[in-house]
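Next up: a single chain in structure tokens, the form predicted alone.
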């Protein structure tokens, strides 16, 4: 299958139908030639990167000049923004005045690198948030938050809110993340691209070859968690749950992730996970190289018997969406955007503990028919709610709402 960005929006008609694509074309027609800039902190690793990597070329194919720039930072800068990420997701973290001033300074230092002569600017997450003060007057400014902001550290949020409230609008994944802000707020869940390397069909022989390359037995059940090595993803808890299951079933656990360029804690967490995994021959802790890593993840997800995502905090969890698209039952933490994807007992299970995760794994491993039913329901959920076509439609509708702020409805 050819890359969808080459085939454009028409490549999605067989999946979502002509009426869906026709609506996207109609929305895009109202925005022809519009210059829209996305700004985030990296083009390597993470859900934001995957989303923009697919949305940007699709929008450009529809006649919208959508661009994507990143800010550059130092290790101390990204150490501070990682602490911000942790604090916004509920950890109690203290910041010195020096850290916050340096955070602002790095954003100022990036001004000469970013051309803001555009019609809209969307700034993603905390790292480039202070750039709002440098966006030209009259240009609609949107802050897109990909973090679980349901219970942020209040002291940090009070500081960051001073930047956020200068935007004209904010975008959150789900209503639980929305905050008291003096501007418009939009709810736009993330999405996956079914035609991307990570999600398109793969021959069974290729899947088998990938497993064997990593020393994984294709004949035995595989429990898989794909995620960054981050304590919020609870990889240690996943291993603990697996060891409970392994006492009863001859299965394997695979933890697979890559290092995000703006996450300095990832290497440390991986070493902790690998040290624990090395004690158990049926636990495979993989740090995937960037070369062809999306293909590897696709193969691992298609080989999985059960997909796990035992997060204790989660902005959305696109690895859940990916696993569901592969028609696999998902057992995941009952947190954040995961709760918007999984309907308990229909397309997966939501858990709150190590014991709960182990129990659900044991339950499914003895019920093959039930796993297949849940897998089919999971794929249907993604088809209807979490594909890139819906995401693109929502973005275009948001831009039109910003363009025509006095209209309660946009005539289509």
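Positions refer to the first chain, counted from 1. From a predicted model like this one, the values you see are computed outputs, not experimental measurements.
Although not depicted, the form predicted in complex with a small molecule is the subject of the following passage.
Name the single residue among 334, 288, 169, 79 that comes within 4.5 Å of the small molecule in the model of the complex, judging by heavy atoms. For this set of options, the contacting one is 288.
Just give me the single entry in 140, 266, 194, 257 that has a non-hydrogen atom within 4.5 angstroms of the small molecule in the model of the complex. Residue within 4.5 Å of the partner: 257.
In the model of the complex, segment of 25 to 33, 344 to 352, 39 to 47, 54 to 62 with a heavy atom within 4.5 Å of the small molecule: Checking each option against the 4.5 Å cut-off leaves 39 to 47.
Mind checking whether each of 233, 297 and 314 has a heavy atom within 4.5 Å of the small molecule in the model of the complex? Yes, the whole candidate spot contacts the small molecule.
Is residue 83 close enough to touch the small molecule in the model of the complex, meaning at least one heavy atom pair within 4.5 Å? Contact with the small molecule, no.
Would you check, heavy atoms only and a 4.5 Å threshold, whether residue 252 touches the small molecule in the model of the complex? Although the small molecule is absent here, residue 252 would stay clear of it in the model of the complex, with no heavy atoms inside 4.5 Å.
Should residue 153 be counted as a contact of the small molecule in the model of the complex, where contact means heavy atoms within 4.5 Å? Heavy-atom contact with the small molecule at 4.5 Å: absent for residue 153.
Close approach of residue 339 to the small molecule in the model of the complex, 4.5 Å, heavy atom: Judged by the heavy-atom cut-off of 4.5 Å, residue 339 is well away from the small molecule in the model of the complex.
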